[in-house]
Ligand SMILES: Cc1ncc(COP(=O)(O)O)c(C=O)c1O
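Next up is one chain by itself, shown in structure tokens, the form predicted on its own.
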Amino acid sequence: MSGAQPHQDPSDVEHWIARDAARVWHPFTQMASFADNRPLIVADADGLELIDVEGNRYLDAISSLWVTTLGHRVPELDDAIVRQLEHGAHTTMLGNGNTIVVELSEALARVVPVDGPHFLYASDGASAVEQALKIAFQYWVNRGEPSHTTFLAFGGAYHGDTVGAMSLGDDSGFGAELFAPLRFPVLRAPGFDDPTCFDTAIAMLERHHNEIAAVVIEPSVQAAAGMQLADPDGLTLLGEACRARGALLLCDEIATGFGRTGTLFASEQHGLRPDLLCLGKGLTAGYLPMSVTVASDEIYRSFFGDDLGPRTLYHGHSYAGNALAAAVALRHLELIDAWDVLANVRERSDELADLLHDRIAPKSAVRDIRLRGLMGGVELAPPAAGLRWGRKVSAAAVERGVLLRPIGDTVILMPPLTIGSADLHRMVHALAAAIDETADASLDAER
């Protein structure tokens, strides 16, 4: 058979890495050095663990890039997909509907912090943000106020890698500066690491409220900025300022939603009632790609008009409202409540804070620790630039059976929301040993 691979031991990791490198292009990865970085090739998953082709097990301490909330191969979620398959995998949402999407939307409407919510589905977080940008822009046009053409965003922000989402994001860290000619300009307040960021943002809103289409914020935590934490009072004041000025508030909860910070949505902790809310990642518990843009009733009704007239939102995706994804998302919402997942997040967060304080914070190789709910970042303090300690510490943790991934020199801790005490200890123990190994190797290299 043309293209057939020669017989190989299915547990031969070198064989799988070679096959991978020959055909797969990985995101955020320099493929010229992909194989040299000893990638994990997953063959199976079980509970909170991933299993590679050689049978080694790893605690999934990054929730498979922040999406897996309840763990892998959850029987109740598996069953939800199987049951939906009996009714069909997908039907278009363009002008037609599907019963399971209606049921999911009704369930979400009961819990999202949006007044009179309506749901426009997509497949990933960046697509949800793109939808929100177009909705916010057209909302003002539909109202007869077309001067509202710009957005206010924050330093350190990350909203995805499509052009509009990338425009909202900061220049640093993810290659967005290369695409400056494609990006549109935004009003930029400082990042959460600047204590004046919300005062500055509110002052900018006062000066530019007649031209701002929406204020865009990651509530509580700027995840991709290395888990930078928002001042809670400042965030509340920003929400109040948006209301006072009639400015739209767009909350990007793609990373923080579905219990990650200890409440179902981070906006709840700050009294925010966003006009537009973007959700993704944990929506389907990591099972299938799905995202959604939630619009308030006021925004939604501003698009009412003649059939296929100029008030129509001409936007959509082929797989929007995928039935399989909707079925697992609905069951996921039910399990979060039935299993009291939010209580576990709060309890484990307190325990993790204590562990990090006792085991990690005293190390001279650690500059800072930031934690909210089960979103954590350990910022390292390498003795010189360019040592790539974040990657080295994460690799050393993987050698100890804990899958971690850094953002620069900040090691991210994002375990599944159902994690127990024993696995928290396992994660922190591996991290502590990995930091020590990396710091000791750096000292040896200096000698």
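Quick caveat: nothing in here was measured; it's all calculated off a predicted structure. In this text, residue numbers run from 1 along the sequence as written.
The same protein has a further form, the form predicted together with this ligand, not shown here; the description that follows concerns it.
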Listed range touching this ligand, judged in the model of the complex by heavy atoms within 4.5 Å, from 153-161, 264-272, 77-85, 90-98: 153-161
Ala255 versus this ligand, in the model of the complex: is there a non-hydrogen atom within 4.5 Å? yes
Please tell me whether any heavy atom belonging to Trp66 falls inside 4.5 Å of a heavy atom of this ligand, as the geometry stands in the model of the complex. yes
In the model of the complex, is there a heavy atom of this ligand that lies within 4.5 Å of any heavy atom of Gly125, even though the partner is absent here? yes
At the 4.5 Å heavy atom threshold, is Lys281 in contact with this ligand in the model of the complex? yes
